[in-house]
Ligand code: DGL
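Only one chain is shown below, in structure tokens, and it's the form predicted alone.
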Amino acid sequence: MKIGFFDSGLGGLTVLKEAIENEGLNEEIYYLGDTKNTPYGTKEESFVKEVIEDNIKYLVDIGCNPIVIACNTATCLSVNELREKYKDIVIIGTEPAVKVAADAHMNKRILVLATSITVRQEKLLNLVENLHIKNEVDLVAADKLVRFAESIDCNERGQEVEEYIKDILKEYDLKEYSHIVLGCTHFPLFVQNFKNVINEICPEANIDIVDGAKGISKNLMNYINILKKEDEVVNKNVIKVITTKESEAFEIRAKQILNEHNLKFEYKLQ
């Protein structure tokens, strides 16, 4: 069974890591990172939808099923159309873990950080509306975190990252918040930076930082168990990484994120 993962860049590796390390994903994996067009969040929506469709078609054509759209922006823009187009393919989308926060927010506020496209899309707005927490949620664009995550020297830029996070959070009284929802798959790479900043600017705050990786991974494993044939041979932890543009930074960062899990990487251009 071939499992496809797609993201604008390397953020989806946080979902893949969760699936492998904590949910037991043990299949032949194809990870497609659109290094040519990342980041999506600040680009024209019509252009982004076009490249998303091209990339998902690539994964379908090589036989991937299920396919995880491990990108909140791509999910917001295209998941419904893609499911309509590929009715025989299980397409698993990504959405901010707002429900997780809503179920436990204890009458406090929730701060949702995502890309510019995601925070203005109806999919997220409808999610908040349907949970009846519209007046308790603040939606904030944090596009620069995507660029930090994709940079080759990301691990050396902690102070710069934290200054950016401070700039985002300074407008909010953090004592009033129970959760910060990381609504982009790149953002979990900076959980410790968020904790450092919160501890510095408001140490009395009691905030949980949540993302959607665990829920997505569990959903993926449920579908794999449904689709897998009893006599199917498992090709354990073979990962083929496909990029749309050569990127040394992507390769280095991918290995850092996955900790070189004895996984095999095959970098190919789309």
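Just so it is clear, the model here is predicted, and its values are computed rather than measured. The numbering used is simple: start at 1 and walk along the sequence shown.
Another form exists, predicted in complex with the named molecule; not displayed. Remarks below refer to it.
The stretch among 207-215, 239-247, 40-48, 58-66 whose residues place heavy atoms within 4.5 Å of the named molecule in the predicted bound form is 40-48.
The named molecule in the predicted bound form comes within 4.5 Å of no heavy atom belonging to A149. Though the partner is left out of this view, C184 does reach within 4.5 Å of the named molecule in the predicted bound form, counting heavy atoms only.
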